[in-house]
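Below you will find one chain, with nothing else, as structure tokens; this is the form predicted alone, and questions on how it binds or moves follow later.
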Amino acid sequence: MADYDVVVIGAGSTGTAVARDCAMRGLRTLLLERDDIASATVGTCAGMISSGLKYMDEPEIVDMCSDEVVHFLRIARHIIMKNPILTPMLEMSDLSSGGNFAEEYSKRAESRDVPPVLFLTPEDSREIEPSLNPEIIASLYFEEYFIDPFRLCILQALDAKNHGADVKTYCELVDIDVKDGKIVGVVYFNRITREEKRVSTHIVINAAGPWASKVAKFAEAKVDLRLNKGAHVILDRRVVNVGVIAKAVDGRMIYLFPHENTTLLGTTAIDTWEDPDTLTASHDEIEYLLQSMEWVIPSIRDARIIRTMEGVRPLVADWKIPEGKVTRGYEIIDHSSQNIKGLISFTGGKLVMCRHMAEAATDLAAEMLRVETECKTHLEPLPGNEDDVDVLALAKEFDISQHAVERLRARRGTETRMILELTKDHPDWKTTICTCEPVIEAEIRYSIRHEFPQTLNDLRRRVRLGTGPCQATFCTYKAAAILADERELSGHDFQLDILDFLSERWKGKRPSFRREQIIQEEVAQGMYACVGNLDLTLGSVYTRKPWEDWS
């Protein structure tokens, strides 16, 4: 008997959804991720579970997206928020295209519990969002849902584990065993233990996103992708009260979305042949976004850029057409057509489609295994979504600020009480470790014990540690001390993890530096070097300093 029925490669939104679906159907499942859960493409998206109206030329995709929004509201409403959005118009020609959008959007609005599209006067628009350009002639108002992509992925992985799946992070695929044209196993390298392991399996599902081609090559199979990169700029405050979607300098649509305690400005869309592992936002991409949004939000440059991020979309390989015309749907490749039985790969897709993609792939896997099971991922709630949470009552009961409890609830749902219960025996765990979000010590300790983070970077994805305006300047050491205590790390590992964390933060901060930001960063680096002695820490063991150029 094989060790597993299915091995899933890649723990992004699709990979974790596949692992969850497979495990819920009783398949013996292993999920392998070379880094951490949601550490790649999905971690660079805006979190919008779009109703798909951007793709009106593909009505089947619009219908699928609308249906998937309804499913997410059923299974993951505790990590979802509804965001009002305005599309300001500066030219009369915008009104006709807006009318087409309004008609199609409104057809599906009721099923998603959102109002139909409204046309607003300039006065009404600016009453909702005072920072809009006073020269706008009208705007469209509609509402969309946003999900925390990090929490979605970790919850899907945890639910897969709850249903019997094995989840292994920091385990990199190094080979796929093929015998007589059939998948028989995989070999992976554990980057923590430095050990290599071989396991047998009947099926490999390749959910590696932009790296799907590389994964397929291990089995001498082929996956064609049209890689497309997109940049986001993260601003240090909520620049707008509602989302704003506007035309960019080239006529594409870009957006400005309030996100937690910050604002996301995005996104670019450029065909790329660069290594997805080394991409950072370019100066031109940053200026493209800022200048384009400046037409409708003239004060956009008053905010400080705290970070940039660049992700790569693994689009379906449609060539010789403009990027904007490439389908945003997905394809599933059964590599038996390439004489490799038991290998399944994805191309294309979007965050909102991840559950649907997983269902389709798991249906195919079950058919190959001759297992008759039904998908229930659209019905069964994810962990934390079992009931409502009374934030006011919990804040009063545990004597913690309402704001801190609400932020905790938005990540944890019904787990909120379990975390707060920890403070009864440890009142000092009410301490706020990351003041920007905020994050209390009890949540960090709970995450370390139950969500298998290995590093500070992993904790960032679990609890939003260090993602606010100060970019971890004041919480790094405190959080590292908690991680070291829980995992019994040596002083050497404690300092190494801090350096790794700051280096990762640096990768996203460096592209945006200009004028006062350079001075502010010098102050922050002075704190690490002079107060923390990180410029001398570890000597030759760790030679790259966090402020050095990654190139």
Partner chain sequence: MSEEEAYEFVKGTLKEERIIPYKEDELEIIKSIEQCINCGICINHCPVVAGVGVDQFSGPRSIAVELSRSPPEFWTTGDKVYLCTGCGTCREVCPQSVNIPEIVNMIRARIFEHRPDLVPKELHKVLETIHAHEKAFAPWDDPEDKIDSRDMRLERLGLPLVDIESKESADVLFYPGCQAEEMAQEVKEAAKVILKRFDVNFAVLDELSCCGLPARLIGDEKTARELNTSLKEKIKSLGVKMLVTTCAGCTSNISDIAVRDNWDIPIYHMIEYLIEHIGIDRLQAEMASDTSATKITIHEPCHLIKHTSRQILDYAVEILQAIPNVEVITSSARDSCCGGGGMVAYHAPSVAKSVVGINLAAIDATSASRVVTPCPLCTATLEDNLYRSGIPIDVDDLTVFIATHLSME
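Positions refer to the first chain, counted from 1. All values reported here derive from a predicted model rather than from experimental measurement. Heads up, when I say rigid core I mean the largest set of C-alphas that superpose within 1.5 Å between the two forms.
As for the form predicted together with the partner chain, it is not shown, yet the points below apply to it.
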Three residues, Gly43, Tyr55 and Asn228; all within 4.5 Å of the partner chain in the predicted complex via heavy atoms? no
Which one, 364 to 372, 392 to 400, 318 to 326, 351 to 359, holds residues whose non-hydrogen atoms are within 4.5 Å of the partner chain in the predicted complex? 392 to 400
Checking Glu380, Glu91, Glu421, Asp124 against the partner chain in the predicted complex, the residue with a non-hydrogen atom inside 4.5 angstroms turns out to be Asp124
Position in contact with the partner chain when the complex is considered in the predicted complex, options Phe101, Phe218, Phe119, Phe189, heavy atoms within 4.5 Å: Phe119
Does Leu279 make contact with the partner chain in the predicted complex, using a 4.5 Å heavy atom cut-off? no
Although the partner chain is absent from this view, report whether Gly468 comes within 4.5 Å of it in the predicted complex, heavy atoms only. yes
Report yes if any heavy atom of Ile270 sits within 4.5 Å of a heavy atom of the partner chain in the predicted complex; otherwise report no. no
Can you tell me if Glu451 lies within 4.5 angstroms of the partner chain in the predicted complex, counting non-hydrogen atoms only? no
Using a 4.5 Å cut-off on heavy atoms, what residues in 238 to 266 are near the partner chain in the predicted complex? Arg238, Val239, Asn241, Val242, Glu260, Asn261, Thr262
Once both forms sit on the same rigid core, is the C-alpha displacement of Asp57 at or above 2 Å between this form and the one not shown? no
If we fit on the core, is the Cα of Gln495 displaced 2 Å or more between this form and the one not shown? no
Determine whether the C-alpha of Ser66 shifts by 2 Å or more between this form and the one not shown once the rigid core is superposed. no
